[in-house]
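The chain that follows stands alone, in the form predicted alone, written as structure tokens.
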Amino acid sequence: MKINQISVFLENRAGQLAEVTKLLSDNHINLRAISIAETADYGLLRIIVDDSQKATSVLLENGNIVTMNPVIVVAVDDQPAGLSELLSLLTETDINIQYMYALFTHQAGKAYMVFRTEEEQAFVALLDKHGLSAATADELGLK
């Protein structure tokens, strides 16, 4: 199951991240995950929120440059080697990870990791083959 991730281009200036998170907060949109990458000129904020359609609309209405992309969220055992075992499977099948980060959510001994890869179908097939599955929006409390 693919989950919607929102990417927001930020000016590389003090307060820009605070403005975006306040805008989301003021509109009762809850963050589930956040990742920031930056260059000298701009930052790229990647977020998963409880209502991606509403968040995208609010951000666009307030002049932000926004894109929405599908990502795959996988529950891994929240213990040493939980993530390492999954990454080893990806290495064995030559699936390249473009980026990854963690969700704030932890449930029943599981940590949730967000993955973006060009080989989405191969990634999902690999998960199925090894008894793993992509998390659903319902499981994560997302709309």
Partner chain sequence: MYYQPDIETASHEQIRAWQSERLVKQVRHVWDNVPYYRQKMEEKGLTPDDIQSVDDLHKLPFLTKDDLRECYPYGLLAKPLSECVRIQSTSGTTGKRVVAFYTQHDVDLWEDCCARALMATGATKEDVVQVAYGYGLFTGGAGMHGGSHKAGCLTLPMSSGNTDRQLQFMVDLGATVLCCTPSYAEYLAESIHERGLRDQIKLKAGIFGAEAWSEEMRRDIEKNLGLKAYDIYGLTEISGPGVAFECEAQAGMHINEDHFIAEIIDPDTGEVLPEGSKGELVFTCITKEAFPLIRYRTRDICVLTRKSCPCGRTHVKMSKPMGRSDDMLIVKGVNVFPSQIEAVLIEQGYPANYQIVVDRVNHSDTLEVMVEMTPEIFSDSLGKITDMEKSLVSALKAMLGIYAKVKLVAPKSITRSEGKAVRIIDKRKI
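These numbers come from a predicted model, not from an experiment. Positions refer to the first chain, counted from 1.
Another form exists, predicted in complex with its partner chain; not displayed. Remarks below refer to it.
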Is every one of V8, D41 and Q98 in contact with its partner chain in the model of the complex, taking contact as a heavy atom within 4.5 Å? yes
In the model of the complex, the residue from N69, S88, Q53, Q79 with a non-hydrogen atom within 4.5 Å of its partner chain is N69
In the model of the complex, does G63 come within 4.5 Å of its partner chain, counting heavy atoms only? yes
4.5 Å heavy atom contact, K110 to its partner chain in the model of the complex: no
Taking heavy atoms and a 4.5 Å cut-off, does R32 contact its partner chain in the model of the complex? no
Would D26 show up as a contact with its partner chain in the model of the complex if we use heavy atoms at 4.5 Å? no
